[in-house]
Structure formats: structure tokens, C-alpha cells
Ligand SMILES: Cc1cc2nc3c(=O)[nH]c(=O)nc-3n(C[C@H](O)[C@H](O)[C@H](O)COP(=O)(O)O)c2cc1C
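In C-alpha cells, one chain follows: the form predicted alone.
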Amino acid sequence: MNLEALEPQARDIIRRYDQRRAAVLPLLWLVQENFGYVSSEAEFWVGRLVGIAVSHVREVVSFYTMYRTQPAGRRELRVCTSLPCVLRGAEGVLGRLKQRLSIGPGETTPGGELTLTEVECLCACEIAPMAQLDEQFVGPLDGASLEALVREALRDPKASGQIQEPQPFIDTSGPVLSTRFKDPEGTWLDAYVADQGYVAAKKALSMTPAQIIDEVLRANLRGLGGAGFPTGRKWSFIPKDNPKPKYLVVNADEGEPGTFKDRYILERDPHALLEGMLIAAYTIGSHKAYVYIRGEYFRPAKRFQRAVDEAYARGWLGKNIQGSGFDLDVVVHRGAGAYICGEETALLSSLEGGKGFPKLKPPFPAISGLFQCPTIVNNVETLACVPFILREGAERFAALGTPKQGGTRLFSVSGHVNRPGLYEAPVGVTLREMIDKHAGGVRGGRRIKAVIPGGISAKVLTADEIDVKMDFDSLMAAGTMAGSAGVIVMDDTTSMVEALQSAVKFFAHESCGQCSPCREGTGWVNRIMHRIVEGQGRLQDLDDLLGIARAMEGKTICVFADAAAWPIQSYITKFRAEFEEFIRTGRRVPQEVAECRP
């Protein structure tokens, strides 16, 4: 392993960061991309370059799921078995792949051609059941497409063909976010500028920060990553008299099962995000912005980097932007497989070169965030809305929504619908309208049984509860949350017991392990649910599950434990009779049926 040959690239990576240790993740990626895995020798090399002990590098490598410490196959096939894919037959897909390849998850074919990996959500739920072959998403996987995938996967990557790109339904009707989603190859700078791109940025550079904040506040833009906090108010928290550098960090670590909105902004309209970033950075006085993109998003990261390069070349990034006197540099930073990094302080821990551990608050990031400096963390979709507000006016954006939340949202719809896809709609749209009008109703004319309105963390709603508006406040009043607007629809064939087991398996896998109520609680409920699904449950298990969920909720540094508790509480409370019947009859799906399920 000739690591010295990589040192010029390594030095270039380190120069991008304001602290050397922050380069740990990209340096590990550099090693793995060149040698296929991260060896002990490479861990020492990375530690030496950034000035930290090898033990710290080792704990980083072991924390993230995408780093390999042993050689693997020439290609890797990652099969998603999270809830949206399970609803569309992922268990059967994995079973057929195991049979066809004669290997199980975590194993490599005898000739070293392919490593098969079972993973949690890849956030391509619109093409479920799906997988990722090296860097490409493939799906929906059925008999013919599955066989084509196997043939492609076993070929030498240097001589491989091209798997047909899936064509899910992607709304392009706008008016705020989706009008430039038409071209699957992306909208680049010339086309973006021709469509009023960077008009808002030019306007913003002639305004005062206070004027921009006032405009965003009047637009009622709220954080669209899930928290729903007013964006303008968040920006106003940056202290004006703090002499430290100020940072803008973009949370593009989209990992919530059922959600895939940010990926389409990054892939098809990256300059909308960049323009929003420029406005936000100018407003808070930041001259350095970091975009944290989830590790599994290979193509989105490459496309966004292309947009960054275009913006530098045309004077929209760098020194003295468009003669304004304002400077801004942007660094694209890839994660390495950790759902917890979607939590803003865990993201900052990861960006600083460590494990993705959430931090205690206060202090909040606006006071002490990245590198202990004032920091604003915004979601991709939130920032992509900002150019529309500055260009078209706060009143127009506000009028699209409800009295307390302006604008539209990108709704990711998956599960048992006729037309899974991405839809832009006013936040006042009802959940029923989203399913029936936009997504074409429930497949096969079946009845709705349950719907998750905001990603897998949100409490489930029954069929009688879906006449609710999709804004933050309406869904909160209905006892659930808007979250990431990931709508997962379950029809009357769904086993709510198996659906909950899929959810608790996800949370047990993704807990960072820092807080004992979360670490122990998620593992405990996963073991109980596994036993129930195996036909060995007891009625007392249901009360035990609810008790564990109560003990987890509100007891940890971040809200991960709460998010893990909410599905348990809502599924069991609303479908208790089904759970009790499942336990009484000892019913479970036979393995041979599970592996052949369509």
C-alpha cells in the first residue's frame, strides 16, 4: 500500500479545512477509493497527517458503516431492507439474491467479484425495492431487473455495461422548488442563470443582513429538515460582536427512511442550493461554508461539486463575489454512513473529524458550533427556498402556505401507492390529497391501513386520521409530526407487527451508543420485537415495549431516543388488537414465503 503517493492529494484536502482534524473523513475516503479498504497502516498515516492518535482514527473508522477494514469484492451490492423497501418486497429481493449468488450479507463471491451488503435506508424509496451497485441506485427490482442486476454485478467494473436508469415520477410543476427538476442530467449554471438564477443573490448583496432576515421572517420560512424552526429567527441568533469566524453548514445528510427530497435538489438543481447558501452566508457574516453530504450519495456529491466549480469559475464563489466585496468559500464534505449525523450537533462532531456524537445544548450551534465558533446549520430544502423569497417577495411565498408556515414542500411519497415519487405542494395540502390526488391512490384499489406522514420517526396515523393538513402545526395537533415530509403509505395487507419490527431494527442499528437509555433501549425493543415476529411473543411484551419507550423518551442528549420511541407508542396503541392477535396465534411468516414474497 503506497500511501506516500497519495500525500499531494492529502495535503490538498487538508488545506480546505480550517482545522486539520476535520480532514479525517475525506482522507479515509481517499485511502479506500485507492486501495479498496482502510488498513492499520493507513490509520497511522491519517493520524500522522492530521496530528491525532491512531486510536482516534480507529474509533472513527469503526463508527461509520461505509469504511472497510478488510479487502472486499471488486464490486459491492448494497440491498436496502428498511421499511419503504420492505413494503415493496425487499425481503424477497434479498432472498433471491442470496440464492442466486450463493452468498449471504457480508460475504463475497468465491471469485472475489462481488460483496453483498444488507443496509438500512439509502433514501431512494421512490424506486423500492432497490439496491445500490457501487455508486448507482437500481430499482424497482423485480424478476427481470433483478436478473439484469446480478449479471451486471458479476462483471468486471472496468468492462461493465450500464444498468438502465430508473425513471420514477418527479413533479416539475413548481412553483418554488421543482421547476428545474425536468432534466435528469441536471440544471447547470447557464440554464440556471437564464431562468432568473442568481437574481436573488445579486439583490441580497445590495441589502443589509437585517433586511434579509426581515424578508425571510415575513415569508414564514421554517426549517424543512424536520424541526420547523423559523429560519430568519435562527439566522438572527448569530452574535454580531463575536470575533471568531462564523460558519454556515448545510445538512445534506439525508437519511430518514421515506425521504429523498434533498437528493433531487443536489442532483437536478444544485445552483438553487448554492444561491441560497450565498444569501445565508452573507446574512450571517460567514465566509466559509461546509456542505455535509451523506456517504451513500455518490452522484449527488459529484454533481454538487460540479456546480461549486462552475460558481467559482463565474465569480459566484471565492473572493469579491460579483464585485460586492463579499468572500465565500464552499467545501463539499462526505459522510460515511451514520444516520445520527442528520442531527445537527452530531453532524458538527463528524465534520470536526470525530464520531458522530450529538453534543449537549446549550450552548447552541449559533453561539458555539463548528470548531467552537458561531454556526448556522440549515437543511438543503430550506436554503433552496431562499432565492424564491428574495426574488418573488416574502408575501408571495407566505401566501402559498398557511398563516404560520409559508411556501411549499417537497413531499417524498413511497410504500403502497400507485405512483411513488417526489411531489411539490403547498404545505396546506392534506395527507389524503397527497395520496389520492398526487400519488394516484393506493395500489390495486386496496384500502389504506396506516400512513407515516414525516419519515419513519413520525407517529403513524390510521386511515381515519389522514384528512389533516401537512404543515408543521396541523400535524403536531394531530399527534404526529411533519418531520422530513417522507410519506410512507401502508395498505390493508400490511402487518403492523412486521412494520414496527422493521422500524425498531433501523433504530437499533443506527443508535450512536452515546446515551445508555438509547443504546440499551433500542437494542432491547429490537430483541423483543424479533422474538414476537418469530412467534414467541407474550402479551406482557406489549406493555414492556411501551414502558421501555417511555423510559427512553426525553432522557438523552438528542431526540434520537424519542424518535425511536414514537413508532413503538403509536403502532401498539393504535393497532393493539392486531399485536395481541399476532402474539396469541404465534403467527409468523415462514422463511420460504418471506424469501419468495413479490
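Keep in mind that what you see is a predicted model, and the values were worked out from it rather than measured. Residues carry their position along the shown sequence, with the first being 1.
Heads up, the form predicted in complex with the named molecule isn't pictured, but that's what we're talking about next.
**Student:** Residue-level question: is residue 559 within 4.5 Å of the named molecule in the predicted bound form, judged on heavy atoms?
**Tutor:** Yes, residue 559 sits close enough to the named molecule in the predicted bound form that at least one of its heavy atoms falls within 4.5 Å.
**Student:** Is residue 227 part of the interface with the named molecule in the predicted bound form - any heavy atom within 4.5 Å?
**Tutor:** Taking the distances in the predicted bound form, the answer for residue 227 is yes, it comes within 4.5 Å of the named molecule.
**Student:** Closest heavy atom of residue 251 to the named molecule in the predicted bound form, within 4.5 Å or not?
**Tutor:** Judged by the heavy-atom cut-off of 4.5 Å, residue 251 is in contact with the named molecule in the predicted bound form.
**Student:** Quick one: is residue 209 in contact with the named molecule in the predicted bound form, heavy atoms, 4.5 Å cut-off?
**Tutor:** Contact check for residue 209: no, nothing within 4.5 Å of the named molecule in the predicted bound form.
**Student:** Would all three of 65, 349 and 353 be in contact with the named molecule in the predicted bound form, where contact means some heavy atom lies within 4.5 Å?
**Tutor:** Looking in the predicted bound form, the three residues 65, 349 and 353 all stay beyond 4.5 Å of the named molecule (heavy atoms).
**Student:** Could you tell me which stretch in 134-142, 496-504, 413-421, 254-262 has residues with non-hydrogen atoms within 4.5 Å of the named molecule in the predicted bound form?
**Tutor:** Correct option: 254-262.
**Student:** What is the one choice in 455, 129, 342, 232 with a heavy atom within 4.5 Å of the named molecule in the predicted bound form?
**Tutor:** Flagged contact: 342.
**Student:** Can you pick out, from 311, 377, 201, 291, the residue that has a heavy atom within 4.5 Å of the named molecule in the predicted bound form?
**Tutor:** Looking at 311, 377, 201, 291 one by one, just 377 meets the 4.5 Å heavy-atom criterion.
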